[in-house]
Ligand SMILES: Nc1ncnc2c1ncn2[C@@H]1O[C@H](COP(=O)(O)OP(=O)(O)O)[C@@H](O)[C@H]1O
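The chain below stands alone and is given as structure tokens, in the form predicted alone.
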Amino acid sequence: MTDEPLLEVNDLEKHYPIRKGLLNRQVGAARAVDGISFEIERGETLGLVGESGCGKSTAATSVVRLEDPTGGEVVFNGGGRAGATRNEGGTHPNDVTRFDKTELKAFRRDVQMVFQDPSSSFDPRMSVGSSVAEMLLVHGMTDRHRRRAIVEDLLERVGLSAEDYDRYPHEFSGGQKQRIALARALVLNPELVVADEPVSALDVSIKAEILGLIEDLQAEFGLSLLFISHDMSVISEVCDRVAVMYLGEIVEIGDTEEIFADPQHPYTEALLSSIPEPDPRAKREHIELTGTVPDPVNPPSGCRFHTRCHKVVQPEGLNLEQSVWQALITLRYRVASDEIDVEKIRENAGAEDAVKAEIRTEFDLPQQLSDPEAERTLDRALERLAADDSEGAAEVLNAEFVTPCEETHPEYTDHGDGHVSACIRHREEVRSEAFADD
């Protein structure tokens, strides 16, 4: 037995090239996964959580080599049969990203995946038993009777019947199909299972049953799990540790209990605030994330979350209410992206002053900012915007309303016991009085 992690992911990247022109030249790349690192210990469940579009599923398919990563390494069973010593070139002999076809086939015996939609996971022309047994055939088990016996035993272990072997996928409910998917993932006796949103397509009552089954199977088979979800309440039920992902990067990682009790990144706070509270008397702040996840082709500079962050840091010398400052940042990016339809606003409002007032209302900005200098800057920008000079308005806003969050890419801050987060508010030189109690 080795003390090394079962899975070690280092600076994993998956970029999708953007090509244009007659020569099909690459002009950019969508950075779906952009340098993430984490470890999974033997018998541990790590949750990977974030909004849709943040790169969770791409990370999963890159880890298991269903897609070839652009960069980084995925070391599986680092202290296993190949040893833990790196080659002269610095590469690890158990780096999955460098496996040839033979090594990759052996790796697939030890790592299996459960997908989100159980209905699309099976060939409708094959019985479910044949679909599960196919894995054994591919990996060399030619004894048909033995294959059937193994699959029938697994079907019973996941709460179905051995007689279900000869039935077809359309004869089962969604929850039953996901049970069969679990049986298929376990048929090769893997060490690690990657579960990509395995319960998101299921009803609430069925979801609870599948989560309970996953926990029972993990204990019975000694599995490690990479559990991917957008639902923090599900993560709290099944995961030992959680990694929070936003726009291709991990912004916080640590023990589940610690992160739920004391989140250190504003994005984590926002995700936790979305968990329904069953007690109507309980008071908990609901943090609304404005806007959508930015384009991974052109992610924001610095902290990628700052364009939506409710705690985005104000520059030195500025002292506005935090909600007002956040609204100014939102206005600035919307103007720079030319997303404000001034012509439509003018049709409804009429005069220039009315247009400026309407824009303030649309962005929840007061008609008079508390900071005189900030008010003068905003008024100049709104005058240019009302005059159909979006470029001029963007120039004014970009010159004055700049947050330190976009100037520096945050490094991880260690909060102890393996709990780290990437937010510049934890750097002493940028911590403002507004966040002194955080």
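Numbers for residues come from their place in the sequence shown, where the first is 1. Remember, it's a predicted structure, so these values are computed and weren't measured experimentally.
What follows is about the form predicted together with the named molecule, which we do not show.
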Inset, instruction - Given that the partner is absent here, state which listed stretch (368-376, 399-407, 386-394, 52-60) has heavy atoms within 4.5 Å of the named molecule in the predicted bound form. - result: 52-60
Legend entry - Distance check, Ala32 to the named molecule in the predicted bound form, heavy atom within 4.5 Å: yes
Inset, instruction - Answer for Pro263 alone: is it within 4.5 Å of the named molecule in the predicted bound form, judged on heavy atom distances? - result: no
Legend entry - Residue contact check: Pro296 to the named molecule in the predicted bound form, 4.5 Å heavy atom: yes
Inset, instruction - Pull the contact list for 11-28: residues with a heavy atom within 4.5 Å of the named molecule in the predicted bound form, in sequence order. - result: Tyr16
